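Next come structure tokens for two forms of one protein chain, structure 1 first, structure 2 second.
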Structure 1
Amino acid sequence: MLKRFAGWTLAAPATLVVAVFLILPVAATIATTFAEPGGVFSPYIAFFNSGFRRNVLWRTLQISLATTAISLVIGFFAAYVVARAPGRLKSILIIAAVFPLLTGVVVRSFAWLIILGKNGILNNTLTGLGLIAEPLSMLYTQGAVIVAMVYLFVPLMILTLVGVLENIPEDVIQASSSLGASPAATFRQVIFPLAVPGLIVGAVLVFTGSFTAYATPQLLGGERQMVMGTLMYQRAMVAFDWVGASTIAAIMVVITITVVLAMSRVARRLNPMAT
């Protein structure tokens, strides 16, 4: 009993800080959406009755899921190479992976404006090689937003997976090979299941980051590719519709929590150590 009481006492300050600075502000924001005179759920009904807002929500989900899937594939194989590299080379590769994180999100997004612009590096290269006759319109498209978001979040995915892959014992992989398993079978039956916890953590971080992103979609997508983050900013800071902005925030919170819980359930099914 004393040990349990001591544990709660030690956790109380951190719990209080989380409740005051995280839970209460979010709860207060969501509570404002239920105080409208038109009915308890009237802001949410108005949101989903709008075809434009439904399209924004669907576009945000598409961008977030595509960013997460691409980041998982690239990040996994990059992290596997880093985890299996010798000591000094591993340090260099980790520094290379971390280096983009030392620059702000806005700066890295502006870099893609230079790369993808009509007079940018990519168009100039393609035109110089004779592959295209005139510059392509790559900015302010969904693809441009996804490419930039993948660039932003792949380093985070790599850092999340490197530690997990490093902890897979080498003798387990060698034992699989000695028992006649092909490299593909070893990857499918040994490496991938043991890496599932890291994959889920990385996927959650990338999805939540891309689903709530504002700067990158605003710079590379603009009004044509509006997402939930830019829509919420518009409702709050341009239209001064605080209830509408709070409704968008509440929907984003619910979707994020739902996706996190779904990914956790998938992780328990795929991870043999959890059963």
Structure 2
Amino acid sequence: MLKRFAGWTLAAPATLVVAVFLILPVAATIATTFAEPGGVFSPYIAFFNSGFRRNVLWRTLQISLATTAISLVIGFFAAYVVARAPGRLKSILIIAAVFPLLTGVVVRSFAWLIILGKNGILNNTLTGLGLIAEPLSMLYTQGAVIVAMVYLFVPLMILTLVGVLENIPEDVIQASSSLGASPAATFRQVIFPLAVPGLIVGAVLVFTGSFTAYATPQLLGGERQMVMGTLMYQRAMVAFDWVGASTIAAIMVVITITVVLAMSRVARRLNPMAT
């Protein structure tokens, strides 16, 4: 009798913590957006009727898609080299990728304030070299947010993909080259397709992370480049518009979960190693 429930008993505390402090509060946040006197969907109609908020959503999508695409390309080629590096060099390269990952988001975004500021390193170098006459305004642009986000997520992408690329059996690659494929053809036709599921996992991590980010867009984009995260904070804590903030929260949850579910289906279908 006791044995039959042993598993549930042991799993109960963690299950309760997640149910009570995550599922219920988040469900409550989403539920309040449907209980407005103006009608079931009125907060959503208000969100999409506002040109400003539509712009914020659009900008957030642009920034996260650009970040994802750039991180994928950089991460894939770097991970390919890391995965083929000899033993000791490989561990150094992995540690060098882990270290920034373990350094906080605030610290890593702040670094770009020093680099991209009006009197920052980049402007000083460019004016010093005589390439530009006046310092450029690089902060508080979409580009600044994207650069810092790419910086944030490339290590994650490298680590995800090194694991995937290492799991590609050496025989498969050897078979391809001994059958006459050039290194470029092996790369395109064997290694890349086998890495696709890993690329999808990495892309999902980067997209959801950058879509819901707060600290980086706040520091490098400010008011001028408002994104969903910073808009949500502004609605809740500056305007005290909790319904508006909850609506943004609900839209974020729906988009993240849809992307995760859709992409994990695609990953499963595209996995060439599966039967």
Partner chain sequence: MPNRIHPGLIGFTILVYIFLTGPLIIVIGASLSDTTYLTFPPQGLTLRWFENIFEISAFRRTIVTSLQLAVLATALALIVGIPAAYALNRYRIQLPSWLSTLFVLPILVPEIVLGFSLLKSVAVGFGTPIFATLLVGHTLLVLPYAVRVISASLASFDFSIEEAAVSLGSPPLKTFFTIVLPNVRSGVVAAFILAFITSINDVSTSLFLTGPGISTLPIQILAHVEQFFDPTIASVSVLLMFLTVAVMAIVERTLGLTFLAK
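One-based numbering along structure 1's sequence throughout. If you superpose the two forms and keep the largest set of C-alpha atoms that fall within 1.5 Å, you have the rigid core. The shown structure was predicted, so the numbers you read here are calculated from the model rather than taken from an experiment.
Visitor: Would you indicate whether the form predicted in complex with the partner chain is structure 1 or structure 2?
Guide: Answer 2, the form predicted in complex with the partner chain.
Visitor: If I split this chain into two rigid parts that move between structures 1 and 2, would S264 and V204 end up in the same one?
Guide: They fall in different rigid parts.
Visitor: Based on C-alpha superposition, what is the hinge rotation angle of the smaller rigid part between structures 1 and 2, rounded to whole degrees?
Guide: Angle reported for the domain motion between structures 1 and 2: 13 degrees.
Visitor: Can you give the CA shift of A14 between structures 1 and 2, in Å, with the two forms fit on their core?
Guide: The shift comes out to 5.7 Å.
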